[in-house]
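Just one chain is shown here, as structure tokens, and it is the form predicted alone.
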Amino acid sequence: MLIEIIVGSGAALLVFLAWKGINVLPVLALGGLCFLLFYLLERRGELAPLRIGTCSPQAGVSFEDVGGQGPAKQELKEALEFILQAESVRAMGIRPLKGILLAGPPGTGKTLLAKAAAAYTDAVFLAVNGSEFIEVYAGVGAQRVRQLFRRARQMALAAGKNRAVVFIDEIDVLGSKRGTYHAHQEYDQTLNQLLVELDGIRPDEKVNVLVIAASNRTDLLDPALLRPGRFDRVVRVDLPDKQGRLQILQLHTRNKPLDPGVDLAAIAQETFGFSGAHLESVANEAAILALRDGAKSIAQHHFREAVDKVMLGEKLERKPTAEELRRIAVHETGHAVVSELLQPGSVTHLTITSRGNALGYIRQVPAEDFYLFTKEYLEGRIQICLAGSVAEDLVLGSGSTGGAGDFQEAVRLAKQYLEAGLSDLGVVSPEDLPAGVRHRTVQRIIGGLRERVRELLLPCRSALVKLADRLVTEETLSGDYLRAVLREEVNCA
């Protein structure tokens, strides 16, 4: 109303000035320029529109399509019941949930869970990435936040629904702690607008909006975003355990021809630490390898090679010299022998085929998934890391740069050993520990364990030589062959 009064008064003034014989063209030109500038500022959100992904519940995924996340699915379903039973919730005086944060490593299925939530509640689904809200122009991000929520309500009404799920991926870009970017207030303005929109969600609206966000860096999020009344629930979406990995593999091989001899449980056991995205890639790469071989079905060896490819990369054509190949074989044999002595039955195969940055590698299979490491377990892992360079010293008389990566991993494990209070220093505060003391303690831990490795390998020197010679010829040895050779060596305990 005010704008109409101002425009009418301005037009009347211009007519009066023109009637008096005053040239009003400069005033008109200036007014037109101001109007154009105002229009562009108002419409800057539409000039760079927010890219929103949508998915209908019928075409989306269900919770049955998400494997390996039983606890997360159960917790999310319980939260969604507040939307499905809106009348009962309102009768009990319960405030509906406004936001759910899915927190966990990349590739664990957070987006799939959000789509499944939309299907579960029969709601329209809108997906957007946190980076879409950040622009160089002040105010654009806030405009896009308003646009997102307005679009969610419009789509729900157009579809004849009263529910909408808004999914914001990588929300740490949008919702990082205010004041982090001192030179750019656009981040803070955008976050403030998101907080306003969350606060504006009311239970008596025509459309119930639920915001689901995903992040793998929750430590970066602003505390105002995580307080009750905004993001009410934080659902952990962690890496799957062995049973979860088996479920995921079964889901991703439903449409693939598998050989009758394929044992997905064995593949699940060998892929500790893999996310759902990794496992999907394993199934896909196995199918590609089978197609490359001209096979009509995917065999177990295709899956094993696919695991290696996902972990380390494609095979390389680099050809080490005969001397280098011999050293690599001795190095990998050292790792394999110590691993087998400390953890019997753990080695599935060893190879000197180059992949990625690795000139050779051994594959170990843990008997169970470990989430809590004992002192003995950490000491064993450090010894396995050191075994390659010790084997080179014993068989070839000197070490090489091939053990650099192993040493870095050994140092990382030794620091973990120290910080857990397992060293001779006892319980310590890592931040208050002088750098010199920390370095000497780590050095002492590694030095002592290196001597243990030497004592383990010294009686097995002949087995090391035999295995290394065979590895140079065959390029790959199975864990069964390794164990057979070790059993023949009476001195190798």
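Note that the structure is predicted; figures quoted are calculated from it, not measured. In this text, residue numbers run from 1 along the sequence as written.
Omitted here: the form predicted together with adenosine-5'-triphosphate. The next part is about that form.
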| property | result |
| --- | --- |
| Residue among Gln154, Gln243, Gln250, Thr111 with a heavy atom within 4.5 Å of adenosine-5'-triphosphate in the model of the complex | Thr111 |
| Heavy atom within 4.5 Å of adenosine-5'-triphosphate in the model of the complex - residue from Asp169, Asp222, Glu132, Glu270 | Asp169 |
| Option from 276-284, 119-127, 224-232, 156-164 whose residues, in the model of the complex, bring a heavy atom within 4.5 Å of adenosine-5'-triphosphate | 276-284 |
| Partner proximity in the model of the complex: Pro106 to adenosine-5'-triphosphate, non-hydrogen atom cutoff 4.5 Å | yes |
| Non-hydrogen atom contact Ser400 with adenosine-5'-triphosphate in the model of the complex at 4.5 angstroms | no |
| Exercise: Val66 in contact with adenosine-5'-triphosphate in the model of the complex, heavy atom 4.5 Å | yes |
| Proximity of Thr353 to adenosine-5'-triphosphate in the model of the complex, heavy atoms at 4.5 Å | no |
